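Next up: a single chain in structure tokens, the form predicted alone.
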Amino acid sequence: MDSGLVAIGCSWGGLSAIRRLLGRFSSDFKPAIVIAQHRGVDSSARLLLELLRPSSALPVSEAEDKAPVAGGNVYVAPADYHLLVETDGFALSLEQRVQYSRPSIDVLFESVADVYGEQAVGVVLTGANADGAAGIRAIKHHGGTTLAQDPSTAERAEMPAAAIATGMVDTVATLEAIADHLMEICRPPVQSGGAHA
């Protein structure tokens, strides 16, 4: 895979899961990582970022409307906004809640599928509803790659279980194995016919 974008969705238990996942990525990870985490309307963005940054070798910031998507960065959806990825950057929306949630994982994943196609990666982690299942279908229909946390290892199993029930999840694994798999599939291809001595 040549760069692309990794979209991650989580809810209940997501903060701990994301910290463990980010802790596995090295600073040379090329794709952008975009996270939709269900959280309260009054959730402090600064506090969330301060909790995630020590775990990550990659820069972590809140996604901003109209800002470009840069590889090698981690972006978190703002509280109470849907986050979409468009061809020229991020878009924030106050459209109706989906699966009782804003940001919605499905909304993020569907936008990523439309823009990135085969280079889209969707990852569903711990959570207590079915948000993300429709998004997994969208990514798979566009030829992308899909992963889910093993429900038996999730703080809440409903969300990854709903994704797996679609029959469109390529890989079911622990958080650590998911990170290692992403590092592998997102590694730039080795150039053939290298430099001569």
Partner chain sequence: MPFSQDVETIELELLLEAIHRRYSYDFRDYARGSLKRRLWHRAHAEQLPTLSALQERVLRDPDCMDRLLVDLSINVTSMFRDPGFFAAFRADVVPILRTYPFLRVWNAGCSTGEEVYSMAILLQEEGLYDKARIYATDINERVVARAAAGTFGLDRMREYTSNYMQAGGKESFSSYYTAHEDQVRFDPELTRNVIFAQHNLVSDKSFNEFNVILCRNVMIYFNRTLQEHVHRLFHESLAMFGVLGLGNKESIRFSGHESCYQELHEEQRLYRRVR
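Residue numbers count along the first chain shown, from 1. As the structure is a prediction and not an experimental result, all values here were calculated from the model.
What follows is about the form predicted in complex with its partner chain, which we do not show.
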28, 62, 170, 50 - the one with a heavy atom within 4.5 Å of its partner chain in the model of the complex
62
Please tell me whether any heavy atom belonging to residue 54 falls inside 4.5 Å of a heavy atom of its partner chain, as the geometry stands in the model of the complex.
no
I'd like to know whether residue 128 contacts its partner chain in the model of the complex, with contact meaning heavy atoms within 4.5 angstroms.
no
Do residue 84 and its partner chain share at least one heavy atom pair within 4.5 Å in the model of the complex?
yes
Residue 107: heavy atom within 4.5 Å of its partner chain in the model of the complex?
yes
At a 4.5 angstroms cut-off on non-hydrogen atoms, which residues of 168-187 are near its partner chain in the model of the complex? List them in order.
none
